[in-house]
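This document opens with one chain alone, in structure tokens, the form predicted on its own.
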């Protein structure tokens, strides 16, 4: 199959189908509507189920039902829609039901606008719902990665019995690039059989029950410890990141998603002007990659975090560096894009010793 020119939303949807997703429940919201439209057309063609729910609240609870029965299931939305899903997401995490949740971010808070933004970092990585739980969060920066990370997301969800979020933005959802589906990584994990799924009693001596309600506090406490042992495994095995030109860098840019593309171009411009600049691109936003900061913190003068937000990733970078070096920030919210010329000026200031 030759490369296909596709929108990011469409590439992601097709990759989900190729990853074995046969159940999709969602509700339209800009700028991710192409995912819903694509699934509406393709799911019947592959014998799958597409259902437009009456709201995002309904959609996430349909995901809960299908995931609990062992199906590969996905929903997609944009920022305000994800807010409506938070209770259901907490239930999914508490009941250990695997699924993939796509958030193509837009400007906020509130209804905001429909431009691509990155203001949902806290919501996704810190847990937007109630209780103690974690979501595994993957952040693509190209349309090819929009497809590549879908297979990874479904596999991780099944292995850890946990919701996985693909966190993109409106620009990634709407832009078009060639996508090679032949090279999308197929399942290589030894995934466990879903013996826990509610598929009928069969020959089992017990009934499977999917539940997140534990009235007895010691029982709930034990359940929470089980969850966090699982998250500890994820922190050891599911960290993903990219490092570019960091070996000799005095200033390192830190950016994810669309902003990593801009940062990479600025890094190249700065290099041509004689400045030793590198880039750390977190791909897994949770678990957050700490290793690249441990490798570089002793050599750099400082880090510059660049986001299409008011600086939500800054805290994680400060924690990863253990505040040993200055962590600077430049960002713009509401779908406004940080300007390369300003990024260059800030790089020069940091290289000159600004704090």
Partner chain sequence: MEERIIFAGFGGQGVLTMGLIITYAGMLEGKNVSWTPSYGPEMRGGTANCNVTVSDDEVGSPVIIEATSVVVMNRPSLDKYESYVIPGGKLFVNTSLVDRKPQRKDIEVYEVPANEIASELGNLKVANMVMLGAFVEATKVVKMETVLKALPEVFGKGKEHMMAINEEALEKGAELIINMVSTK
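Everything numeric here is computed off the predicted structure, so don't read it as measured data. Residue numbers count along the first chain shown, from 1.
Although not depicted, the form predicted together with the partner chain is the subject of the following passage.
K.L.:
Can residue 337 be called a contact residue for the partner chain in the predicted bound form at 4.5 Å between heavy atoms?
P.N.:
Yes, contact at 4.5 Å.
K.L.:
If we define contact as a non-hydrogen atom of the residue within 4.5 angstroms of the partner, is residue 174 a contact of the partner chain in the predicted bound form?
P.N.:
Taking the distances in the predicted bound form, the answer for residue 174 is yes, it comes within 4.5 Å of the partner chain.
K.L.:
Contact with the partner chain in the predicted bound form for residue 237, defined as at least one heavy atom pair within 4.5 Å: yes or no?
P.N.:
Close contact is absent here: in the predicted bound form, residue 237 is far from the partner chain, nothing within 4.5 Å, heavy atoms only.
K.L.:
Mark residue 258 yes when one of its heavy atoms lies within 4.5 Å of a heavy atom of the partner chain in the predicted bound form, and no otherwise.
P.N.:
Residue 258: contacts the partner chain in the predicted bound form.
K.L.:
Within 4.5 Å, heavy atoms only, one stretch in 221-229, 246-254, 113-121, 153-161 touches the partner chain in the predicted bound form. Which?
P.N.:
Looking at the partner contacts, the answer comes out as 113-121.
K.L.:
Consider the chain as shown here, without its partner, and state which of 270, 184, 262, 283 has a heavy atom within 4.5 Å of the partner chain in the predicted bound form.
P.N.:
Flagged contact: 262.
K.L.:
Tell me whether 140, 310 and 333, taken together, all sit within 4.5 Å of the partner chain in the predicted bound form, counting heavy atoms only.
P.N.:
The answer is no; none of 140, 310 and 333 reaches the partner chain.
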